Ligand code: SR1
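Take a look at this single chain, the form predicted alone, given in structure tokens.
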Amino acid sequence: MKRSILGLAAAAFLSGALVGAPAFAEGIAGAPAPFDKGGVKVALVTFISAGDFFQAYQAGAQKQAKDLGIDLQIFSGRQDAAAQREQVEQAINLGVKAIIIDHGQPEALKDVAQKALDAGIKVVAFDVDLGNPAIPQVEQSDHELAKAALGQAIADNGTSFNAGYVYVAGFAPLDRRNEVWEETKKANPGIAEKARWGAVNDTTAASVADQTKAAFQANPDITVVFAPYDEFARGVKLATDEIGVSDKVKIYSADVSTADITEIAAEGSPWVATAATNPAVVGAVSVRAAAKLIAGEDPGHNIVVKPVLITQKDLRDNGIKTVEDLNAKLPAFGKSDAATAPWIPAPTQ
């Protein structure tokens, strides 16, 4: 795993990376070094590459990078902890100014993140807790996401119902959302968790759909499912549609995409609410945090993007069909003042 990336090996790897913004030689007038010159190299090393949320996150990061004159190189880990770890090491050897680590398994990343810091490279983490005070943490306020979704579940169903729960331990955002789920059950003993299941892989939604069918076969009295990741919710909806119980179940989730909006707003959909931030905004915030570190500024250690609750009724009543519609009709969804500075341009739309 720890091998040097030299010569043709580096070239071969880069051929598989997504290259974001070009290096802007002219720089940004009035910006601190090195952004006054342009051409600043930054790596975004992801863990989860599948799903609309992560595609939108990367798109937002690329847009903000372009306006900052950053040459952003995106490395896709494809849900492989060893590959993501190796890619962090490759980014170090390429001499980038900063590395943004997007999700991942902390035990596979802590030492290579420290190796980057030791090499003078700034590190920002999104939704992965690397336990390092020198690494700012960008997050979606996962506790607030879960509280909003579960608050709606209780408003719709009362404080006594049979629940299914989709969860995979070891991922910082899911672990934080799980804390709220456990607190909610403790505060409302009438909520009975009848089954728990989940998967994070190359085909998360399909895997969760298969698991959901088994869970419902064993527990046909489940009426509410808390699926605090939109790929989980997509899988649950697929299963409930296939086994014909969508009229008996309500799904509450976190995160949103245009594809999710279509599924939530569809006639007869059991997916009735989600709590979300705009993933493109979170991507932009991650790049801004890295830029501030490179410029010698402090973006703060915990950089939080606030979520909003989005219900099926909101979408239908407002004719919202896309994430762009959400931006226009729910302004709090479309922007964040986290990790801003006077010299940092707003991301292009």
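Given the structure is predicted, the values throughout are model-derived calculations rather than measurements. Numbering starts at 1 and runs along the sequence shown.
One more form of this protein, predicted together with this ligand, exists but is not displayed; see below.
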*Can you check 207-215, 188-196, 85-93, 166-174 and let me know which stretch has heavy atoms within 4.5 Å of this ligand in the model of the complex?*
166-174
_Whether Pro228 contacts this ligand in the model of the complex should be assessed with a 4.5 Å heavy atom distance threshold; does it?_
yes
*Using the partner position in the model of the complex, report whether Gln140 sits within 4.5 Å of this ligand, counting heavy atoms only.*
yes
*asked:* Is it the case that Phe35, even though its partner is missing from this view, gets within 4.5 Å of this ligand in the model of the complex, heavy atoms only?
replied: no
*Is there a heavy atom of Val200 no more than 4.5 Å from a heavy atom of this ligand in the model of the complex?*
yes
*asked:* Can you work out which of Lys122, His103, Lys250, Arg234 has a heavy atom no more than 4.5 Å from this ligand in the model of the complex?
replied: His103
_Heavy atom within 4.5 Å of this ligand in the model of the complex - the one residue of Val323, Leu293, Ile48, Leu315 that qualifies_ = Ile48
*For the stretch 247-273, which residues lie within 4.5 Å of this ligand in the model of the complex by non-hydrogen atom distance?*
Asp255
